[in-house]
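Form predicted on its own, single chain, as structure tokens, below.
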Amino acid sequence: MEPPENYVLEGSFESAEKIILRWDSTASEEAREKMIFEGDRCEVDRYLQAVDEIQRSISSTSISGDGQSKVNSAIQIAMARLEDEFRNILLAHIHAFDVDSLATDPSSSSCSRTESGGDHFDDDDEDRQQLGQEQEKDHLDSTTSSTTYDVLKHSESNTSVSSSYRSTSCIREIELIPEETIEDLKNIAQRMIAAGYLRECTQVYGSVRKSAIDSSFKRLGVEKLSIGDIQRLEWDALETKIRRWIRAAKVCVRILFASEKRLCEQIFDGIGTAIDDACFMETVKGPAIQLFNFAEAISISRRSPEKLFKILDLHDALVELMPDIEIVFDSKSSDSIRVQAAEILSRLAEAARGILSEFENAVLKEPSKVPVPGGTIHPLTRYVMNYISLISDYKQTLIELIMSKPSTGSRYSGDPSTPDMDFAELEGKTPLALHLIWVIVILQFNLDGKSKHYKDASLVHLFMMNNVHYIVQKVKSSPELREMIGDDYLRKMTGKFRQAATNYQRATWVKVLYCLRDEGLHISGGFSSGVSKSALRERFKSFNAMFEEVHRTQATWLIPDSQLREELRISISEKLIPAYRSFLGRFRSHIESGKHPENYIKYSVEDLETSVLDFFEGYPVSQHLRRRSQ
């Protein structure tokens, strides 16, 4: 006869079995249509107690044969039911929060850190300003994409970012599922795992929560693109996606993934060894790889100058996120995510260094040979100076990334295709500052070569004056750039454009002023002495012809900077007007006493003063005359 307690056990099992079978969805229409956890809480408790009773029966050594078979059948039915309940509860909470509101919430994209630093990736900088609003095309190295001129954009501001990962308070975990519901999920998970249904439990959990993340990804604009797909996109399209990715990555790491991790801990912590971490990785590994694949694709894409600033944005965003990544993915099983993020960061840094080097090479070898009309500022000059002004905006990041001096520019290299640069004169400069100075050196070297395509020597000097002056003004207008370049080098460049202005005046006006000299006009000897009228008439004719040609030609030349234009006109007037006034005062009477004086004295002093105002406006004299008559 069996001990009395066995009768109790069998009676308890039979009661539990009835409850389990009543909710067998394969045998009951009512069980298929209703969910236990959506109904009466007493029924929930009864069902869980029944499952517990069945599980206790499994470990009983007194059940054998048919009894064991019934227990196994009951547990299978119970686990299938619990799996359905588990899935149903999870599905009911897929849309538990609004990712759009989180993405626009400042606290989701910026945070306080224990050291200096913060986010400067404000997504309100919708399409940043085009580089200096100047769209000069077809002027950089033909091997460099022409879109270089189109896509360089300016970031609103930049703050210091350190290459070492800093402690963070950026993570903001939110409630994905209400606490009372989590308790139900925990109760189900405990029983499924205790019955040996760990894999089924984690698969259901991972599948449903992964679909929740997919839904959030779509709303954040994170697309399912392979690395190949991303690299085939046009850069204009990629720029928009990069901006969107930075915004989304902050929400994903700091809120979405962090909250998923917390949910796994709430449900699975204490049930078994590292089950919570296994479920977390089951849920987020695929989405995390998808998220970081985008940044990886950018980091290994073809390098070209127009990509530098977006790559730096990505780099800075990832630097800011790394402390959070290390906290969210802190387990051994998530090593691969941390490693991937760190490798992407390293490749982005290398890409930035490589792009700067390629940019320098492209500036040096930019091949255009057609002179710009009127000796104005060359598109290459505008492009390069706007580019390095933007580089200075990323000073803090680039100072950390650029660690070596320029690889070219050694003094006495003997290579005529490369300018010299004496680093000894720039002692104490950071490698980044040396690179920026080197870019200016090679820009001037290239411009000097381009100036040789002008046939007029005066225009050669005017062209160099315009362009070096523009370089100086751009450096002065950027405090960051000026600090790196330094006032000593700035003075050196100022001296260059002033020397070019002096050279222009010599090339143009020495010949004109030579007509106003006294030598050769006086005659002496015999019975008479005085002024040779014929020689004097030739002098006036020569002056008139030369001045008219200079006036006609140089009115079409252009000095875009109004202050520089005015300074040069004043300098011309200070030499020309007194010399002409003196010459006219000394010799006017000799011409006026002869025939047709108007053929020789064609200009009054006031006429010359007015004509000088036409110089360097960039359009023909006829237009100046029409302008004056209006």
Partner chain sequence: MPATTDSSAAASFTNIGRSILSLRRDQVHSIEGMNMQHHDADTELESFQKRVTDRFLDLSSSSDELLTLSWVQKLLQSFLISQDEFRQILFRNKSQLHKPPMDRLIADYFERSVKALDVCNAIRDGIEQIRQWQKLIEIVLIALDNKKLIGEGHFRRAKKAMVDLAISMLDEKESGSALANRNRSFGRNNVRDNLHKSLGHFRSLSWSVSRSWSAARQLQAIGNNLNAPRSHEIMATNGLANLVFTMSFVLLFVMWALVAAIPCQDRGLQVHFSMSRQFSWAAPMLMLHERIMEESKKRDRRNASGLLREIYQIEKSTRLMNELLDSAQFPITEEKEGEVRQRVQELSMVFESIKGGLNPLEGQVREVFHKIVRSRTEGLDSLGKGNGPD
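Quantities reported herein were computed from a predicted structural model and do not represent experimental measurements. Heads up, when I say rigid core I mean the largest set of C-alphas that superpose within 1.5 Å between the two forms. Numbering follows the first chain given and starts at 1.
Below, we turn to the form predicted together with its partner chain, even though it does not appear here.
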* Option from 530-538, 448-456, 299-307, 238-246 whose residues, in the predicted bound form, bring a heavy atom within 4.5 Å of its partner chain -> 299-307
* Classify residue 83 as contacting or not contacting its partner chain in the predicted bound form by the rule of any non-hydrogen atom within 4.5 angstroms, answering yes or no. => yes
* Asked: Can you check whether residue 26 is within 4.5 Å of its partner chain in the predicted bound form, heavy atom basis?
  -> yes
* Asked: Is residue 362 close to its partner chain in the predicted bound form, meaning a heavy atom pair under 4.5 Å apart or at it?
  -> yes
* **Exercise: residue 200 in contact with its partner chain in the predicted bound form, heavy atom 4.5 Å** => yes
* **Partner-contacting position among 187, 386, 376, 290 - heavy atom within 4.5 Å of its partner chain in the predicted bound form** => 290
* Structure fact -> Exactly one of 400, 326, 358, 265 comes within 4.5 Å of its partner chain in the predicted bound form through a heavy atom, and that residue is 358
* Asked: Within 4.5 Å of its partner chain in the predicted bound form, do we find a heavy atom from each of 172, 174 and 491?
  -> no
* Are there residues in 323-351 with a heavy atom within 4.5 Å of its partner chain in the predicted bound form, and which are they, in order? -> 340, 343, 347, 350
* Asked: So, does residue 21 move by 2 Å or more at the CA between the shown form and the other one, with the core held fixed?
  -> yes
* Asked: Just checking, between the shown form and the other one and with the core aligned, does residue 45 shift 2 Å or more at the CA?
  -> no
* For residue 31, decide whether the Cα shift between the shown form and the other one is 2 Å or greater, given a superposition on the rigid core. => yes
